[in-house]
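The structure tokens that follow cover one protein chain in two forms, given apart as structure 1 and structure 2.
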Structure 1
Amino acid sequence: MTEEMKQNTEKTLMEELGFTEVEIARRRAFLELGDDDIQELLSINKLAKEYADPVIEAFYKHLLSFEETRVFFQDPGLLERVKRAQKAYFSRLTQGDYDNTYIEDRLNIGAVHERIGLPVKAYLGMYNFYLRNVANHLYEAYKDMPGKALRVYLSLLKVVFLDIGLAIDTYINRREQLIGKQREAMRELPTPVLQVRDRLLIIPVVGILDSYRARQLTEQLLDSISATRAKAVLMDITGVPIVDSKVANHLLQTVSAARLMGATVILTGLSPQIAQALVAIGVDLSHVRTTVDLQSGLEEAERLLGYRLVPVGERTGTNQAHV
């Protein structure tokens, strides 16, 4: 693939997130970011360049005073580069032209923060610190014109919240992509149906159980019941992290389908927390055999199949009596 073809196939963040001219205009309108605000911000561009250095220095002094944010800036060289980038970032807030290029730049900055693992609370805290410091500089610069200082500050707030919204969108987008990949990986996890003895199957379910996996699980189980002529099935959900109403309904459907095939399903691995959650959401498992753990389920299945565990000493004594 040529470089030109690669460029044509690669999506920008704006395209990936579905940003259009209409969406950008809608966001600006919602924030009431208009031409008057742009003029107010342009009027302090020179002042913004003057207070940039002290604000940035104070900003990173504050940032480095907390362990959870200091870990991102251990390298002095990296710290200096980030300071320069941050200065350019804040200076851009008062230069107008909040167009597609501006939006794409802000989205990329949000994506970088998410990629390095900066918590959202730290990201928002950074803006809080910046705005408080800028407010002090504005009121100092316009102490004889408090109305002007207020107008500029309110206009600045609109642009900052536009940026925050864009950054949060990238955080959400990246997390959704990660969750999507995890779900795909979970879907690829095999769900083996194990025959532990004649007419007895065990199916351990691990990971998130969504509609797709539930269908797979049901099909595998029914095929195994048919092939082995099983009469009892232990379905162990110890490895399922969440059991909500949707998951519970999937399980009930699987139990019903197995019953039509002549097999009794015993649900094992129900923790106290999951049991309470199912009761709270009104899921009725009264007609489903359940046990706390796999061992209890195995004992229940053996009773169903007519097996009886006999202690070694008792079995030996029985054999001797028949000799």
Structure 2
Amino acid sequence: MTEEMKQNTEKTLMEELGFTEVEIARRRAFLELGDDDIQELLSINKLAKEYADPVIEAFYKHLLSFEETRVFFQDPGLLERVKRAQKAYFSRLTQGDYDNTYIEDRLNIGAVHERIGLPVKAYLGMYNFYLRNVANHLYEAYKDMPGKALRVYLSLLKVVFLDIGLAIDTYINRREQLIGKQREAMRELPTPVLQVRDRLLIIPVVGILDSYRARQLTEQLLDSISATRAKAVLMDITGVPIVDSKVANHLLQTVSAARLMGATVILTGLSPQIAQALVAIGVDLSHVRTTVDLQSGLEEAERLLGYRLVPVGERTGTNQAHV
């Protein structure tokens, strides 16, 4: 598993999860993992090496006695490699230096377990099994000094909980990445630019307007303006739930860009609540043409383009007069 781990190591895992020096220090502080604990753990490093083999053997016997964990060990060679890696880790637990490198290692190992699909309950169950075993060994070794056994055990608990937290974070991170990817896929939903009449476009904006979509929207709009030589554009934001200052900024930029292309943008579908919020924030949309709804926007655009909407009867009448 060590070889596989190296191959799968993502150098950016620490950054991806936001692990800075400050964050690591905070985690340690919250667990009250201090220098005393490190001294306690270092003091049993020799003992830990002595009980390493029996603990590892018991550990894997337990793992292999359950179908759901046994399935991971079809290959005997793999089992041997994993045992060695595990032994190294248990020994590492009592070697101090719970620094960046240590954290990074733990995160990578957590990621490997997530990738193979080891359930969190198995992860926690095995930590629990390990701690119970070690507790017995400590109890035996320090029969005459029960205080020492307890102190060491409590220090070990802190490091183990630090590690558990890191492992679970890698699991959560993976899920979040997955959700992120799904969101990305949903963002690919196109924002269609529709031609209503000669030189008049409608662009209905639906959903959340983030930077990515706003850029996409601007590009599509400008392309369409150029392709259709549009003079007026109705941008309808009825389907945009919230317009904060950033979204407003995006809209303003799109409007300015369209203006440079010779088209007037009319913003329609601004709800009373959003209008109120924009005023409260202090965003100035006064130099953007806005109308309450799409219908009035359409009327204004037609006026702008010199169209005049005439009822059928009237028009027929005129035609007849000509005939």
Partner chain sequence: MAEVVRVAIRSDADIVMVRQQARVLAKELGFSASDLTLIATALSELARNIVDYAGQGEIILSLINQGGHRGLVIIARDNGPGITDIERAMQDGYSTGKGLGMGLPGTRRLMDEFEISSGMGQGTTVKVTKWAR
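Fair warning: this is a prediction, and the values are worked out from it, not measured in the lab. Residue indices: 1-based, along structure 1. Throughout, rigid core stands for the largest set of C-alpha atoms superposing within 1.5 Å between the two forms.
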property	result
Structure, 1 versus 2, that is the form predicted in complex with its partner chain	2
Large Cα shift (2 Å or above) at residue 264 between structures 1 and 2, core-fitted	yes
Residue 105: Cα shift of 2 Å or greater between structures 1 and 2 (core-aligned)	no
Is_shifted residue 121 between structures 1 and 2 (CA, 2 Å cut-off, rigid core)	no
